[in-house]
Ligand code: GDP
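Just one chain follows, in the form predicted alone, and it is written as structure tokens.
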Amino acid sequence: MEQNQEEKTIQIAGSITVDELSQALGLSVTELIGTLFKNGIVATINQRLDYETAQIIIDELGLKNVKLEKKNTATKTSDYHRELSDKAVLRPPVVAVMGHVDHGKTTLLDTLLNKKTVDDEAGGITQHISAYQLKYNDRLITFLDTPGHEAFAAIRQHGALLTDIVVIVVAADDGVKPQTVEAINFAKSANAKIIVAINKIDREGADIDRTKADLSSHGLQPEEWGGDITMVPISAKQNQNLEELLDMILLTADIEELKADVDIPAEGLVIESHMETGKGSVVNLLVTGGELKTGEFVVAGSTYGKVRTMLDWKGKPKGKATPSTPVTITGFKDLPNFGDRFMEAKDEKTARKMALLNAQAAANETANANVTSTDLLRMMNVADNSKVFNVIVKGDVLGSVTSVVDNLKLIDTHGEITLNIVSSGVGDVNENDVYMAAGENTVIYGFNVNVPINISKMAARDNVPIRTYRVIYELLDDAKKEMENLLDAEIIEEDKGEMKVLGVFRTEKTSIIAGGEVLKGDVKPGFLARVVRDKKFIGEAEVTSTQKEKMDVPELVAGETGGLALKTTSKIDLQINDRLVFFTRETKKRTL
């Protein structure tokens, strides 16, 4: 890895996330997570590392020019924008269109993009984030149409975090509404630049000045009133002043000098994902850095895949996506979560390993869990020889899922079994669950949920066990038995007797006939025998019969002389004066 010889100082206040550290070091998150993995740390981009752990990792990377400093005050958590290199290039702005329901957000985009989607939405309300790209004055602008209905507040907040500029649409005849205020707050929390589009100025009752005053009372002061917020009166329906709005978006982008690195592994964010028959997982991504190409491997959260197809927002094939570009891809083995950060991986093996690490870390980390230097040193020095029990947990409500997962983790396996929560979630067992479990020796546990008939058939076909329970202790008992089955059986040996060999009558490849004196204990057919010569182990055999005076007898006891037949797995050169040490061996199933 090439290093900038100029010394770099990184300040850490208490702890730092993997994402923040990678940005500060100028490394890809993939490379840093890989280094953590080599040192025994299972981490995601949001895992927090303490000062000492960060120092150890920097030492492991051999970064002599990086200096860490402890900072007493908390630093602001960084967002998705990484520290740029001097090779960064200008990129299109990413613009989120937000506002109150029915104030004309989607109509505005439809007019700009010359398409009709409003009638296709449920009740005319945007149900998910949709991404588009417009070319204006030979420049690209990426738009995100975000839900306005109150039920989608969390999605709308993610939308703000994805963007550089937020266009807040306010109807001139309706004014500021609760979701308008939410949009304002989200935009401010995301440090995005705000432009207000005062829509529906063609309607009766439209009052632009009253709307500006309303906005001013909520912290958005118009430029013409001495403030810093650009407000453009428009009519999305009548295509009025939309070019002026686009000019202001590009002007704002120029002032911000929006840039991105392209000479890095591709990365970005998951906008939305769903399953389609015949296509599998269909995922909408927004590229924020690097160049994503078809055929590359990508990781997002606990899933990964190879980019099989890539389409632009119009559904046309696209071979490469640059920063600020929205694309729809297929190829993920499972659906990534909305808001997951995706990263390019160099090959399938790396992608699979990173996805597994993310899944394990997500299942095991708590909200405020930090990886400490003590944990790191312990993990670096302890080899993980445990066996893995993979489970998928589905529950009726989040509380049920959390309870099941927490109780599974409390099963004491004495360090011999590693519990791997492949995934967990609310709802009935579905196709994705079976898909994730197939071929991975994974048990799907359902708590107070149903298994549709078609899913049961699919699971039977793929040999995926699905077990549903309505009593948590029954579920835990089943999991405990499954883990016990993974334990190596306990081998119990019991000494029975000893014989001195006085004669060897026949030696073949897999059998021996010999005679001798029983020195102690007894010998019976079925006993095992170790052949010992001058205290050295020569081989092992099984007693098939015992004789006395050429007659079969059930046993020979101490003080008796007799013969015996031995069965061997390979030829043993038994000699006079060798000792036969008799014993029994049994395996016992272990319990937890």
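Everything numeric in this text was worked out from a predicted model, so none of it was measured. Each residue number is its position in the shown sequence, starting from 1.
One more form of this protein exists, namely the form predicted in complex with this ligand; it is left out here, but the text below deals with it.
TODO: Name the residue from S235, T350, S281, T252 that puts a heavy atom within 4.5 Å of this ligand in the predicted complex.
DONE: For this set of options, the contacting one is S235.
Identify, from the list D462, D247, D202, D477, the residue with a heavy atom within 4.5 Å of this ligand in the predicted complex. Answer to the contact question: D202.
- Might T107 be said to contact this ligand in the predicted complex, defining contact as any heavy atom within 4.5 Å? Within the cut-off, so yes.
So in the predicted complex, does H100 come within 4.5 Å of this ligand, heavy atom to heavy atom?
So H100 counts as contacting this ligand.
Stretch in contact in the predicted complex with this ligand, which is absent here, among 388-396, 258-266, 192-200, 424-432 (heavy atoms within 4.5 Å): Every other range fails; the passing one is 192-200.
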